[in-house]
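As a starting point, one isolated chain is supplied in structure tokens, in the form predicted alone.
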């Protein structure tokens, strides 16, 4: 089933504590977004999940088995890292062949099909690929790996709008045809929002939210209308953020909508809407917690 359990995970780098007592369960066959600002601890967490570094304290288990020096557990994971660690003298087609050695279920035919879709020349050497095509190359390896757990760290770095859209579509195809656990760490929250089922928000080394997208968006709302009436509505309430549009104002409130709120807003001629995931993330990492 590939359930990932993280218990009291802490990571120190000399005098810097990158992760602080993280406890988390990542359920199988869901698409997770791992969101956080630069330096929040996202990459540290992913490197710990994949046994590239070792925690100061705490445990990470896959289906109850500790990942440390556990090749069987780690063989279930394919990690697309932002950095490139492939020998630059190799051709793309050669990396496809070598990946098959480490991931026996790697689908070479599908990898070649994706290369055609993305216009990636498999005869090219790794060192000759642009930033965007490095990302495409690494994404293809992950998508074709058939691993039970796929981890993507900034998967669309350097990709144009067309190729980003194509990546998201292929990700959904892979997930739909063969459900698996997918973890995506990205700053392009607005683009990925419709793909995600679950969201983990990490801030200053701590998990401040771990909810389904639906639950997270339902935990806040926006109220909009004439500025004076919005100000009247907000008396006694705390605004997480606001926008002015001429004489109109929109305010984000980190609370669920109550029946009383609906009645007051109706009397004032105000309207409610859901915040965007990216906007809510910004408010949350400005010190607010949902």
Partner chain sequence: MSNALKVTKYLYRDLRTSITVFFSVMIAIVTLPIFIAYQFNTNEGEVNVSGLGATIAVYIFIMGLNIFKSNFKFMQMNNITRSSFYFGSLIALISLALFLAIIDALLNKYMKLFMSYQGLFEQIYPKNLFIADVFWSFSLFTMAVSLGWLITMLYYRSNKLTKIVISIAPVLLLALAGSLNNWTNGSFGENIWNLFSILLGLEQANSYMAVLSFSITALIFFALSYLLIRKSPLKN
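Not measured: the values here are computed from a predicted model. Numbering follows the first chain given and starts at 1.
We do not show the form predicted together with the partner chain, though everything after this point is about it.
This chain is displayed alone, yet in the model of the complex one of 213, 90, 195, 157 has a heavy atom within 4.5 Å of the partner chain; that residue is 90.
Only one listed stretch (165-173, 117-125, 196-204, 76-84) carries heavy atoms within 4.5 Å of the partner chain in the model of the complex, and that stretch is 76-84.
When contacts are judged by a 4.5 Å heavy atom cut-off, residue 228 does not count as touching the partner chain in the model of the complex. Contact check for residue 99: a heavy atom falls within 4.5 Å of the partner chain in the model of the complex. Although the partner is absent here, residue 52 lies within 4.5 Å of the partner chain in the model of the complex, judged by heavy atoms. In the model of the complex, the partner chain lies within 4.5 Å of some heavy atom of residue 71.
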